[in-house]
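A lone chain, given as structure tokens: the form predicted on its own.
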């Protein structure tokens, strides 16, 4: 099968979040099964200015991309020949060379990604690649299925799949956007319109052959008003083509037996897991915590925003500290939460570390050195951190929502089933009770805790199962 995968980001070239991980891992898993896969990305300035990344790219040629009354230059760069999956880059410095700042958040993002969405098709034509499936992701590529169906009838047999990674960001544009940028007639504009604006995600839902999202629970949640950010009526109308498929993680990248960021590598055996204690002591030393091997470390690696449950944590952080644990926080976000975490760390010297920064190497050291991983999100389409934590033998505490519910079934002490500790209501003290249960388990049943650590480390969180489900969607056999 020939598959063209397009997104606004994909590791190792550009990554700001989970989409970047999926953009690398899912195509790689498809290619490993023998399918021909190409990944199309914007050639951002951040990539161009990285000599190491650019050294593997070659200039293929150029074409033009129509965008309403515009006809824009479209350069094409390709990764070395013979690679599968192969990365292909769309070059236009006006749209994508934006200095050292973030790749998103510009005033013309709508036009930038409308251009990219159509340039994907023009690039596909230029390189002579007609896929069986065109797989698009999030609002930045939501117009690709629309353009394909409205302007390229010769590709009517190409099956389109659109994945919602986070429904909160829908690509809402003014009504004039349909004619001035997308260049469609009034009937098509009506299909893109939702409420008082153009909604690009709605367009993808309507025009795509299949719509997926990143966990089974989230697929059900977004059919409800609370989770859908207004799109539940459209999703219910199209529920016959909506499927939930949980993300996986790259088991080679996230591997405590080989991870070079760790002080000591270890595996899921009784003897090897003892080396996790070395990582714990190294983490304590690195962050200025007391070197107490029997004190449980509760960690969070997250954006410090309410959506990720920081309002709950801020509410009961002193009660958590009263449990006699150590706490490690890594991340950036809203100033209020950054400040609360800093002040709390100052209040508990040697017992709490607040690292207000982005540091992937430290993140892996925390996954390895912590005992407990706290993830109390308001909603979580899938979440990768809880799976990485379990891969590294750190027991998760999660709220039962979205992918957290699907990947972390509640631990049952009667039979040892489950993978972590959970709570249901979005409530600070219910979260606190879950933390108390996990800490009590650590202190009073250390053998049981260690068995759960080893069991989680042996769990297959790879893409092996999920990729087969995607292939069923591609083949229209779900």
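Only a predicted model underlies this, so the values are computations on that prediction, with no experimental measurement involved. Positions refer to the first chain, counted from 1.
If you look for the form predicted in complex with ligand GLC, you will not find it shown, but the lines that follow are about it.
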| query | Which of these residues, 118, 165, 399, 280, gets a heavy atom within 4.5 Å of ligand GLC in the predicted complex? | reply | 165
| request: Just give me the single entry in 327, 184, 382, 372 that has a non-hydrogen atom within 4.5 angstroms of ligand GLC in the predicted complex. | output: 382
| task | With heavy atoms only and a cut-off of 4.5 Å, decide whether residue 25 touches ligand GLC in the predicted complex. | result | no
| message | Is residue 143 part of the interface with ligand GLC in the predicted complex - any heavy atom within 4.5 Å? | response | no
| query | Can residue 10 be called a contact residue for ligand GLC in the predicted complex at 4.5 Å between heavy atoms? | reply | no
| task | May I ask you to check whether residue 114 falls inside a 4.5 Å heavy atom distance of ligand GLC in the predicted complex? | result | no
| said: Given a 4.5 Å cut-off on heavy atoms, tell me which of 106-114, 383-391, 290-298, 222-230 is the interface stretch with ligand GLC in the predicted complex. | reply: 383-391
| said: For the stretch 12-47, I need every residue with any heavy atom inside 4.5 Å of ligand GLC in the predicted complex, listed N to C. | reply: 18, 19, 22
